[in-house]
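What follows is a single chain, given as structure tokens, in the form predicted alone.
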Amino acid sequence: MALHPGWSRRAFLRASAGTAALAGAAGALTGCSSGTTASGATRVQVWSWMTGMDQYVAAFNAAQREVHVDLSVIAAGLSGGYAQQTNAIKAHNAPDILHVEYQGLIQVLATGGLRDLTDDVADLGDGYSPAAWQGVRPGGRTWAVPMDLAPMAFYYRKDLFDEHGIDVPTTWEEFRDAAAAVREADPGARITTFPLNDGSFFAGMSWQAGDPWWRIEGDTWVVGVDGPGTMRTAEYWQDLIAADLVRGGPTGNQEWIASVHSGRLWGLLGAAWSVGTLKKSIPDDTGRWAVATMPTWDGEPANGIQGGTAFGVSRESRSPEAALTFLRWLSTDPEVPRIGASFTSPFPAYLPNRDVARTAVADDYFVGPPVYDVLDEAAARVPDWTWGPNALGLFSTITDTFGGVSTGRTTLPDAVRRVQSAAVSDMRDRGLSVREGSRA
């Protein structure tokens, strides 16, 4: 396997120890189905949990005769999808195309199961949102093809904000004032939730603070989950939770939908995919919601990301060229966002396709600035960030550690310090060279 510049063989290869945590008791689905159809088309197998992938595959297969894609729908990443793919790589029967997310790419890459695509897709690089392109190029080599991007944004009930004369917050200091104003206007309402059960949410919030949790120095991983930016984030939200200005429950479940529907939640700190969540969960709220870029720390424009999809090609694929033919189409063909607009609100990583999505998606749900304009600005504000080889496992650690915040058994800053200790211990247990970053 080729190594990317600046990442030593020792650090990279030892990262493979991290894959053990992913390789659980996944199902027995097998890949390596490359061959040809009766008509002579090269068969390519893709494993994915992406909503609507069946429609994309059907459209691709109908549009040409050279390549035929077979789709196997697998469980979502942390619900078994990553374990299934990791086990298949280890068993040398992985599919041609693997579903990865930006935060999971290094963990899958560390298995040695991905093909280096640097030369294969170099011509596409200028077309992607910089944050997406960086997300598939850890250290400067390209290991996946971006599909979409998920910059975070603040969604809010514009009708209620206007009715009560509450300004849309542009800084986190203003956000606290707005949270107090919402509660004063309606003691039963809160401005938003801080989902204590979602590690990816907290990572996205910390990302905005410009304080990456991992970086690589020579042979060593430097881990700084408890760095100054993250601790500032934790202390800020601990204050709002303690002051009962926000709720701490999850988003997207029935209780959350009921709270939003009844006007007990006036806002959502979400990602680009939250556009579809709101439209599907609360369709009766058409014309009531608006979207703004995330409040900032001290007025400095910056934005985190929560999620985002990419696809890699198996190192052992017998038809990598055919796999790339499909991935190029999936990532860059204008027909893809048109198909996606029929069941969601896609936010493509490939900028020309984002323009297609902008016109294909009905924009009658939100009021105020166009959603795609706001998300474009958010995507342009994303600072550098490095995901570590235990990022996926760390999300679970965050969920477990944050669980005591709602009952007062711990605080967010104390929980973050324990997450840092757990992250360092886990990486050292895997045989990695680790140094703790500066503690706040």
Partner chain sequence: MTVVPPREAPRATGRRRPSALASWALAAPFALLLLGTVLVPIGYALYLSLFTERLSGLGFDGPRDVFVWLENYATVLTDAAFHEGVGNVARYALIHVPLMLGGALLLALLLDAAMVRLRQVWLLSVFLPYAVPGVIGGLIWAYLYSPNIGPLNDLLPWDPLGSGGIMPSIVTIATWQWLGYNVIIFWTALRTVPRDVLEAARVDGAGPIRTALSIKVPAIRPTVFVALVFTVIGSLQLFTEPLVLRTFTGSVTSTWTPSLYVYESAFISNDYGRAAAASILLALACALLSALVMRLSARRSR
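Numbering follows the first chain given and starts at 1. These figures come from a predicted structure and were not determined experimentally.
Absent from the display: the form predicted in complex with its partner chain. The rest refers to it.
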{"item": "In the predicted bound form, Arg141 touching its partner chain (heavy atom, 4.5 Å)", "value": "yes"}
{"item": "Arg190: touches its partner chain in the predicted bound form, heavy atom cutoff 4.5 angstroms", "value": "no"}
{"item": "Touches its partner chain in the predicted bound form: Pro320 (any heavy atom, 4.5 Å)", "value": "no"}
{"item": "Exercise: Leu109 in contact with its partner chain in the predicted bound form, heavy atom 4.5 Å", "value": "yes"}
{"item": "Location of its partner chain contact in the predicted bound form, chosen stretch of 232 to 240, 101 to 109, 274 to 282, 340 to 348 [non-hydrogen atom, 4.5 Å]", "value": "101 to 109"}
{"item": "Contact residue in the predicted bound form, chosen from Asn93, Asn197, Thr171, Gln134 - any heavy atom within 4.5 Å of its partner chain", "value": "Asn197"}
{"item": "Heavy atom within 4.5 Å of its partner chain in the predicted bound form - the one residue of Ser206, Asn303, Ser129, Ser259 that qualifies", "value": "Ser259"}
{"item": "Candidate spot Arg264, Gly403 and Thr407, all three touching its partner chain in the predicted bound form (heavy atom, 4.5 Å)", "value": "yes"}
{"item": "Contacts with its partner chain in the predicted bound form, stretch 294 to 309 (heavy atom within 4.5 Å)", "value": "none"}
